[in-house]
Structures are given as C-alpha cells and as structure tokens.
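This document contains two forms of one protein chain, each encoded as structure tokens and listed individually as structure 1 and structure 2.
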Structure 1
C-alpha cells in the first residue's frame, strides 16, 4: 500500500514538473495544440480519458448507445480541428450529458486529451505519400549520409537520435520539416555546449546532462566530460542543430522519398 502511494506520488511529481516547465510557453488556444502532442502527452491524455471519459464514450472511445455518447475516433460533429475539440472538452455541449471538464483542470491536460483524441483519428495506413520508401532507404545510406549520424535497427552512428521507430510518433509533414529545417525545435539533449574548463582547455560536445552544479558533455569521439559549474571559465550554448539542412541539396522528389522511408520506420508487426 505504502509502495503504491509512493509510486503515485512520483508520477504526480513528474507531471507537476512538466507543467512547470511548460508554464512559461505560449498558451493561447491556437498555439498550444502543437506543444502538447508528443507520445508522452498522448499517453497522459489516454490515462485521463480512461478515468473520466470512458464510462460514457467507452474504453476504445467508439461510443456507447446506452449513454448516447458518440464514437469520437472518426469525423466529429461538433469540431473540425484541435481548437474545436479543446472547446468541446472545456465547455461541454450545453443541454446534453457532455458536461464541461472540471474548471480547475489545467489547459495543459485538456490539450493532452485533445492529443489523445487526435491520435485515435489518425490512421497511418490511410496516409498516401508521394515518395518511395525504397529509394528513400538508398538515399539515407548513400547520398544523404544520414546513417553516419542516425541509427536504424542497430546500424549507424550516434551523433543524432535513433530513428528506428520515428514513423510511429512523427507525421510526414513534421518529418519533412526535420530534414529541411533542422534548427527548429532542437531538444536540449542535442544542443552543443562549448566549455572552457578550469585548465583553460575548450571542449565542445552534446549536452548529456546538466543540473544547478554540474554539466556533462559528450564530444565527437564519444568521450564524456564532466564539469563543476563553479570551476568553469566559460560556457556557450548553441541551440542550433548539428544536422545540416537538406533543403537545396536534395530535389523535391528525393525529399519525398526520404519522408516515405522515415514514415515506414515503426515497430515490426508480428
């Protein structure tokens, strides 16, 4: 019993920390939908849905004749986009059993519900792409030299994120942006830090970890360097990506092929 309570408490703490971090970001209805749609947000949205919404809409969200709650996995009647779904959840549908959510519920969590509902409506098999995944694979290993930095199914470099399952969590249009405009939205893990240590030697590497007192980087040869912040002479943060943009060096057709290949990367079904 005590163990369970402490696990729950940990979960609450980490959700709280996330909310704090995100609290500084723009929160207008137009902007926020795209901020809270990571797989993590979808998972939190699903958890909340199961607790608060499934008794009417069903665990699969496919609706329930007895309660009159509709299937919300397909086209919706009351909303045509994310902001519309947000408003239905926030305000309810007056005169029906669809009540507004608790007024105390933070917008963040409403967006996570939206992200979950959007994820239900999204069927990757129905997506038609221009490019050819086979040609994309050839470009990935050849002309694009993507595998020197990215690992797929255990093969490739470690200078960028593992892409083995990138197609599960990322939509084609976002894959295209990742290739043509890599500097947008670089996760802190991939920032470059230039640190001049107590000995006056400058070292450059990915930001592997950082807290109030210390910071760790990994250089290009995969060496880890750890510093106490008090001892450092200087630290520069480069929040741009180390990935080159392929806008221009690849034709439009080649970019489409790369996107088709990346989108095909998901867990093997068996």
Structure 2
C-alpha cells in the first residue's frame, strides 16, 4: 500500500482512480495520509487550519452553532477515515457551507490538514474513568436535576445544550470543568439577552440568533421572540451560564459518576 501511494504521489493514476474519473465522479484520494502524519506535518496543518478553517469551526475546532460548522474534534459524520476527510476538504460538501479548498492547494497541504484534524481525535473507549455511569445517570435525573434543562435522546429540557452525544466531542476533564465551573467558556448561543422591545416590555431569553439588523431569543417557556434592532429600546448581554456549579453541592465521587455518565453519551456503534 505504501508503494502504491508513493507511485500515485508521483503523478500516476491507479486503475481505481481512473475508473472514478471516467465515471464523471469527483476525484478521490488514495490513502496517502500515513506519508504526512509526522509532528511537523501536524504543526503545518494546524497553522493552515487557524488561517482558513477556524473562521467557521473555531480555533478549538469545536464548531459554531451560528454558522452550522460542526465540531470536528470527535466522531465525524461525513468521513470515517483519513481518505474521507481528505475528500471532504478537497471537494467540499454540496448544499452546505463547507466549500472545497482552493484547487491550487497542493495535496501535501491537504494531507497535513487531515493529519491535524486526526490529531484532535482519540479513542474514547481507551479512557478509564473512576466513576460509575449508572450512578451518574441517577444523579443526572435526580439530585442534579440536569434533565430539566438538558435533553438526552429526545427526553429532557431545551434550556441547555443537547447532551445526547457529548461524549464524542468532550474529554472527561472538560466535562468536569463544565459542571464545576460552567461560566468558564459559554458559547454565544447560550448567552442571556435582556431586551426591552418597542412596546416597552422587557423579555429575557437565550440568544438564538443575531445579525446586524435583527435578534431572536427563546424564553424559559421555549417561546421565541424576534426583534428588529432599530425598534429595540435597550438590550443587555449576560455572557455567563445559567447553569449552576455543582462544585460543593456534590461530593467528589458523585462528580466522577456524573462525568462517567456524560462521557458515555455517544452514538452507538453499528
């Protein structure tokens, strides 16, 4: 396989690639990723990512709710291996905001970007945790009252992020931070806005969407309110989380159990 990849890199077409071209399909990459996965390649891929990709996916690669860019630090929906990632980057995803990279960008740089994206991922099944996921589930539904705000598998509230697959993209140490210091990193989607509308009525809700001309919020009863900015009398942004900290209200063991449960929330393997 390494020999075939080297031949392809010198510009020769394999029979499989030629078949795809003749069929009129987008060109696909052979698996040359192993040629460009050194620390040097990862560093160059990170540099390109920060310049070109972070505008949508964020510098932490965890995505952006407002642009629709997905979190690419965990399991990827549109690519299951390095070749798939290469093809998404090279060809884009039709019908989405994911555009192809510049056609003149060398394949070498695309592979380095692939290497960086791969470096962000790890096998969650290899992580050993002290807590009990079963005990954490009981805390989530009971003492923690987490389900009143968070949804898991279609059940729960809408006043916080859907946690159905949180274990795919968030490491245990980050989950612990989220439940003990929820104000540390609050996404703009979960900022609270206090808006006084043209009728003089003040309403408070989560920042569902905002552009240069309008803003939309969702109140605690899941009602949506839209405003034209020219009509708003006042608007205040609260960039803190509405989630309480569980540091102090739960024991160290209970926190470990809750993290174990949240980390177990991943898409089932087929």
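Residue numbers count along the first chain shown, from 1. Just so it is clear, the structure is predicted and the values come from calculations on it, not from any experiment. Just so we're on the same page, rigid core means the largest C-alpha set that superposes within 1.5 Å between forms.
The chain as displayed in structure 2 is taken from the form predicted on its own.
Comparing the forms between structures 1 and 2 on their rigid core, the Cα displacement of residue 40 reaches 2 Å or more. Core-superposed comparison between structures 1 and 2: the CA of residue 173 stays below a 2 Å shift. If you fit the rigid core between structures 1 and 2, you'll see the Cα of residue 98 move by 2 angstroms or more. Summarising the core-aligned comparison between structures 1 and 2, the C-alpha atom of residue 116 is found to shift 3.7 Å. Taking the core as the fixed frame between structures 1 and 2, we note the C-alpha of residue 58 moving 26.8 angstrom.
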